Structure formats: C-alpha cells, structure tokens
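One chain comes next, on its own, written out as structure tokens in the form predicted on its own.
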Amino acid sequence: MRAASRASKTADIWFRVVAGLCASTPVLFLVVIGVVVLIDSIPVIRYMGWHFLTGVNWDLGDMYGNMVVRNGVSAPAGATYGALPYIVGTLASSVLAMLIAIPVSVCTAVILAYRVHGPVKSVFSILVELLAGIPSVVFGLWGMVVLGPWIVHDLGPAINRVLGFIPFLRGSAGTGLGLLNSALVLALMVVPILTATTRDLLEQVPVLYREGGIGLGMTDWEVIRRICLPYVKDGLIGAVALGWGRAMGETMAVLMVGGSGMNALPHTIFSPISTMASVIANQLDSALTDATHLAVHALAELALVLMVLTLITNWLARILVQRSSKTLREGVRA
C-alpha cells in the first residue's frame, strides 16, 4: 500500500510538472519570439527612430556602394525605412475584410444553427470547415484569376456608379489588384473561422430562451437580435478578435492580390497596397543581400510592429468581453 501510494504521489508530481511545462509553452514561445524580434529591431530603431512609423518611403539604398553611418549604425547610402504605408495597408485591408465577413458569418451561422437540420446541416457544416483548410495561395490565385477581372469589369464600375460621391470609393479599378481585392480575399478566408465559432456559440443558447421569445410574440429576427446574439456576445467578440488577427497576419494571399503597392498610402478602395506581412515575404530576399544586415533588421522591426498590433487587438477584445460580462452580471442582479 505504501509503495502504491508513493508511486501515485510520484506520478502526480510528474503530471503537475509536465502539465505546467505544456501550459507555459505558449507564453514562453511568445516571450522568446518577442525578445528575438525586439533585439533584431534595435539597429533600425537607432537608425530611424520614430520616423520608421511615420515615414512613407521604403528604400534599401545603394547596397553595392559606399556605406554611411548614422547614430552609430552602418547603412547603405540612401537607405530609409518608412513603414506607414504597410501599417495602413494592414489595418485597412483587415478592417474592411471584417466589415464584409462579420455579417456573412453571423447570417450563415444562424442558418446552420437554427434553420437546417440532419444530414443537410452536417454537409454544410463540413463544407464551411473545409473552406478554412484551403491553402492561402489558392485563395490568392482565385483572387487574381476571378476577383481581379470581376472588380475591373463589374464591381468597380458599380461602386463608382452607386457610391462614387464618396471620394474614397471613387476611382479607376486599374488591374483589379489592390485594397478591395485583398479585403474580399481576406473576408473569404476569415468567414469559416467566424462561422464555425458563431454556430457553436448559437447552439449553446438554451432552447427555452428562444421558445420564450417566440411565445411572447417575437419574430424570428427579434429572437435572434434580442435573445440569441446578446447571449453569445462575449464569445462573438472573441471570435471577431481571432478573425481580425488572422486577417492582419495573412501573407501569401495579400502578396498575390494586393498589387504590391510601395511607398504610397492608399487613396481609394482600388489602390494597390502592401501589408506588413506581405512586405516581409516580398523584401526578405533583397534584404539578405544587404552587407550591413540593416534591411533584415528593418523587416524585424516591421514584424515587431505587426506583433504589437495583434497583441493590442486581442487585449482590446478581452477588455470588451470583460465589460460585457460585467454589464450582463449587473443586469441579472438588478
């Protein structure tokens, strides 16, 4: 008995150690990645200062000519790194994508949760989840081949005709590759995540709540708007934050359909853009030829900015969830 008890205590200790290590792994990875990216960013922080965040021009300089020294940092002559167009491109494309994806996802989730049943529901749910597994390069190719011409010939002229009085929505669609194409592709990539999460949340709403609303004479829309969505609001905010982080971090698809806009802020919804993630992928090969390695350090700072924006997004989502939960508890007490 004592031997069995000792073995049980030893196993319990090992379980706690292994569980603690596994639980701390994501935090450790986040800290290590953040520290490495921050250290790699220090030379460019010294070289560019705050101008890195406010500058518009990104130029690797003459990497085969003379070097210059600024603030103790060696750099190719003419090198300057302004990340503002890529910060704006990242935020604009991801926010526009979420504005498109959220209504589509919520409506699809409502139908899957309450309107279809049996085999039909299973088939449609599987199709939605399979959509999330399609590689991003396939979405990018689809955006180039299908969405690009559609924007040029149909959607772009329609937007100009109906909403052309808004300056940001007026202009030539060009090649069809730009902010609008990126937003549509990102929305399509985010929809499966939001839909699957929202569907699972809506299925957790107690049946008695919905039947009570119908018994009070509410329409289906009123039951969804006044009972179901408020009930899952906290989870929905978390799902939106997850989808937004996914949209901000997407690389290959935006690189293919964004139009590779450089050194210019988007002035219309059709303007070519580049996001921080796509610039890192696009510029890395050229940056590696910089003998001073400053271009690589600049990409590291771009990654640091993207990481900080993603963390801020999740932090704001947590604040909204906490406030929503507090309001709900106070309403229940009242």
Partner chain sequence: MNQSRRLRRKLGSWIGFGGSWLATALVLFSLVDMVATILWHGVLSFRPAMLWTVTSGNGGGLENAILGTLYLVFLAVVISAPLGILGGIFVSEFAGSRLASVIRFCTEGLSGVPSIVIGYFGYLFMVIRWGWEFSTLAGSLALTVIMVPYILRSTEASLQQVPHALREAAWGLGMTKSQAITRVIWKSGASGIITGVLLAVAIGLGETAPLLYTAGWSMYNPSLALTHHQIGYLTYVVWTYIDMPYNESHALAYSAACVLLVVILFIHLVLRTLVQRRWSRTH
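Positions refer to the first chain, counted from 1. So that the term is clear: the rigid core is the largest set of C-alpha atoms that superpose within 1.5 Å between two forms. Here the structure is a predicted model, which is why all the values come from computation and not from measurement.
What follows is about the form predicted in complex with its partner chain, which we do not show.
- A residue is said to contact a partner when one of its heavy atoms sits within 4.5 Å of a partner heavy atom; Ala303 meets this definition for its partner chain in the predicted complex.
- The shortest heavy atom separation between Leu53 and its partner chain in the predicted complex exceeds 4.5 Å.
- In the predicted complex, none of the heavy atoms of Tyr81 sits within 4.5 Å of a heavy atom of its partner chain.
- A residue is said to contact a partner when one of its heavy atoms sits within 4.5 Å of a partner heavy atom; Val116 meets this definition for its partner chain in the predicted complex.
- With the partner omitted from this view, the residue of Val162, Ile166, Val138, Val95 that lies near its partner chain in the predicted complex is Val138 [heavy atom within 4.5 Å].
- Contact annotation: of the candidates Val110, Val205, Ile87, Leu155, the single residue with a non-hydrogen atom within 4.5 angstroms of its partner chain in the predicted complex is Val110.
- Residues Phe29, Val145 and Ile280 are all found to lie within 4.5 Å of its partner chain in the predicted complex, as judged by heavy atom distances.
- Of all the residues from 286-313, those having a non-hydrogen atom no more than 4.5 Å from its partner chain in the predicted complex are Leu288, Val296, Leu299, Ala300, Ala303, Leu306, Met307, Thr310, Leu311.
- Leu265 shows a C-alpha shift below 2 Å between this form and the one not shown [criterion: core-superposed Cα displacement of 2 Å].
- Put the two forms on the same core and the Cα of Ile42 is off by less than 2 Å between this form and the one not shown.
- Annotation for the pair Ala239/Ala19: C-alpha atoms recede from each other in the predicted complex, by 3 Å or more compared with this form.
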